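This document starts with one chain, in the form predicted alone, laid out as structure tokens.
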């Protein structure tokens, strides 16, 4: 199995542990990754608000790079996945608009997007392409006793017409993944809510309140940690957790893991291997015991 790896911005910046864990896990699963070093930012939904054609042309360029390599794209960011899939559906669903995008793309880069590439998040590849049965056979450290709260993030599920999740209102991808690793998935209503990151710059208090609600929901349900396929959700809930605690006026201390970190731990990685020491909220006793 081979994919063109679209790292996104966070995995090369504030969340470098995400890329480390992804590389570790992919190597042990025999998944080959060709990093797309010339790809641009997906726009994170912000560029589209100001200039739709520019945003879609940026993503079409990325798609054309993958097409030239003959590989489908693997993302490791829920936001990148959602933005890129939305752009692809807009372009592919309107031949006249696709011609406009390609005209701009050809003029500026000499490239053309044909519409052949598929875009899949790592969690989707594990679930649909690699297969959970095959994953179970590769697990070397059963995370028995670890209670994990899944947190999907907005761009994985919404808008529903752009989502790759078969039943966005009742997703089970993360739950089945957690079970395959030997851990126990924790159910709580906030797992389908927003972490608040999109409004962090405009209304920080409300943004962190949303993250706080999610963390509190997971704690009340008995979770030892949260796992998410979106690094922006991870950043909001981990990096700002001390400020969230001040808003809520209570201690939280719940570790927030990237999807590939939990995967790598089950494949034999240590907490140091997946750089959990870079997190604001460090691994708790339950994580240490599960990964020993």
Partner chain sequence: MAEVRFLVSKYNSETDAKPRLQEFRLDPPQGATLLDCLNLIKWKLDGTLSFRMSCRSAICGSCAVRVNGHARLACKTQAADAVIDGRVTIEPLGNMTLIRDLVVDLEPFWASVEKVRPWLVPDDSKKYERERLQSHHDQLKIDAASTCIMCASCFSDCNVMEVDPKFLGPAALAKAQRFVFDTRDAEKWDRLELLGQIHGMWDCTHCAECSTRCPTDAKPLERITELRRAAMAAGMTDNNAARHVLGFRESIGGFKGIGGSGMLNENYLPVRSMGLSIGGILSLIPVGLRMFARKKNPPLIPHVIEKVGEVRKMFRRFDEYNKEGEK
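Please read all numbers here as calculations on a predicted model, not as lab measurements. Residue numbers count along the first chain shown, from 1.
The following text describes the form predicted together with the partner chain, which does not appear among the structures shown.
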Site test, 10, 16 and 104 vs the partner chain in the model of the complex, non-hydrogen atom cutoff 4.5 Å
yes
Answer key, the partner chain contact in the model of the complex at 4.5 Å (heavy atoms) among 217, 198, 185, 182: the residue is 198
Tell me, out of 160, 89, 142, 166, which residue has a non-hydrogen atom within 4.5 angstroms of the partner chain in the model of the complex.
160
Is residue 40 one of the residues lying within 4.5 Å of the partner chain in the model of the complex, judged by heavy atom distances?
yes
Looking at the partner-bound form in the model of the complex, is residue 124 within 4.5 Å of the partner chain by any heavy atom?
no
Given that the partner chain is not shown alongside this chain, does residue 146 nevertheless sit within 4.5 Å of it in the model of the complex, heavy atom to heavy atom?
no
Is there a heavy atom of residue 111 no more than 4.5 Å from a heavy atom of the partner chain in the model of the complex?
yes
If contact means any heavy atom within 4.5 Å, which of 220-228, 262-270, 26-34, 40-48 contacts the partner chain in the model of the complex?
40-48
For the stretch 220-236, which residues lie within 4.5 Å of the partner chain in the model of the complex by non-hydrogen atom distance?
234, 235
